[in-house]
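This document opens with one chain alone, in structure tokens, the form predicted on its own.
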């Protein structure tokens, strides 16, 4: 009876207490219509501040002549100066770099991923970590190591290997082919581990039953790679090659670490390096911005053409 009395008193006390409505602001922020925008808000702010605003401001600057304390609109004059021998040389070097890195950074990581995904390979975690470590290393730090390895002295690691093969020492930073080799090998060394993880993640989604069925049909390793693995890796191949194209045209550090602002005969000049050379080195920000806008258009057009050719924009049922 005492327990009934206590429960009745507790219920009467609850009735006396006024019901507290939830905070309207919290209710609004927790609604299903608002929560998605809260999660994407940091990205939107960073995109507006770090991407859209600099892009729009760069386009405006490309129509200006900018001097200390003086800004003058000059129309298309900066763009008329873009078509020159140095720009064509920079575009040629960059295009060769893009082609070579796309081939290397697509094929090599894919084959390494297939190898590391094999059930017969031991120490998989060790090899994966070893290949990913270069991505965590600064390009400048890694570039300085490469610069020492490929220095022009006979005592450098690269020239010692060349001499063991019975060839003469190479002036690595002063020949067109060796200069391109240095940039490509540094860029490939840096990004192979990252692309490897993309391929490994996609390989996990391939059903083991497909390989078992292929074994029953008597397919060898190459046939399974061609008819099962590569078709299932197509989305990642397109993704990796696309970002490699974009990053290749934006390449700067791999060139800067070997030659800084200028290279003999422009053997290491890239489009972004040319922007830096003109905009910062020559204090011609308007001309540098015009080159940047042209580069942005080149990347956009090439990326769209590549995605169309690979069928990325087709519907899934086509």
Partner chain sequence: MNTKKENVALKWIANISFAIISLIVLFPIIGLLVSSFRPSSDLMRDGISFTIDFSNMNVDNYMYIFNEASQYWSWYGNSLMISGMTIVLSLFFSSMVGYALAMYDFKGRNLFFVLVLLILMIPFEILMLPLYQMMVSAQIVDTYFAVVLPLIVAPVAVFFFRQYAMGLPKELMDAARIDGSTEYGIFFKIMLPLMGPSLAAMAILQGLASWNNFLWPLLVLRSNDMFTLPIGLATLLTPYGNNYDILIAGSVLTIIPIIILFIFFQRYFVAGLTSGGVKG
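Nothing here was measured: the structure is a model prediction, and the numbers come from that model. Numbering follows the first chain given and starts at 1. Whichever C-alpha set is largest while still superposing within 1.5 Å between the two forms counts as the rigid core.
Missing here is the form predicted in complex with its partner chain; even so, the following discussion is about that form.
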Picking from 137, 205, 163, 86, the single residue whose non-hydrogen atoms come within 4.5 angstroms of its partner chain in the predicted complex is 137
Check each of 220, 80, 153, 92 and return the one that places a heavy atom within 4.5 angstroms of its partner chain in the predicted complex.
-> 153
Contact test in the predicted complex: residue 299 vs its partner chain, heavy atoms, 4.5 Å | yes
Check whether residue 279 has any heavy atom within 4.5 Å of a heavy atom of its partner chain in the predicted complex, and answer yes or no.
-> yes
Exercise: residue 256 in contact with its partner chain in the predicted complex, heavy atom 4.5 Å = yes
Within a 4.5 Å heavy atom cut-off, is residue 252 in contact with its partner chain in the predicted complex?
-> yes
Quick one: find which of 115-123, 72-80, 99-107, 212-220 has residues within 4.5 Å of its partner chain in the predicted complex by heavy atom distance.
-> 115-123
Can you name the residues of 181-205 that have a heavy atom within 4.5 Å of its partner chain in the predicted complex?
-> 189, 194, 197, 198
Can we say the CA of residue 264 moves by at least 2 Å between the shown form and the other one when the core is superposed?
-> no
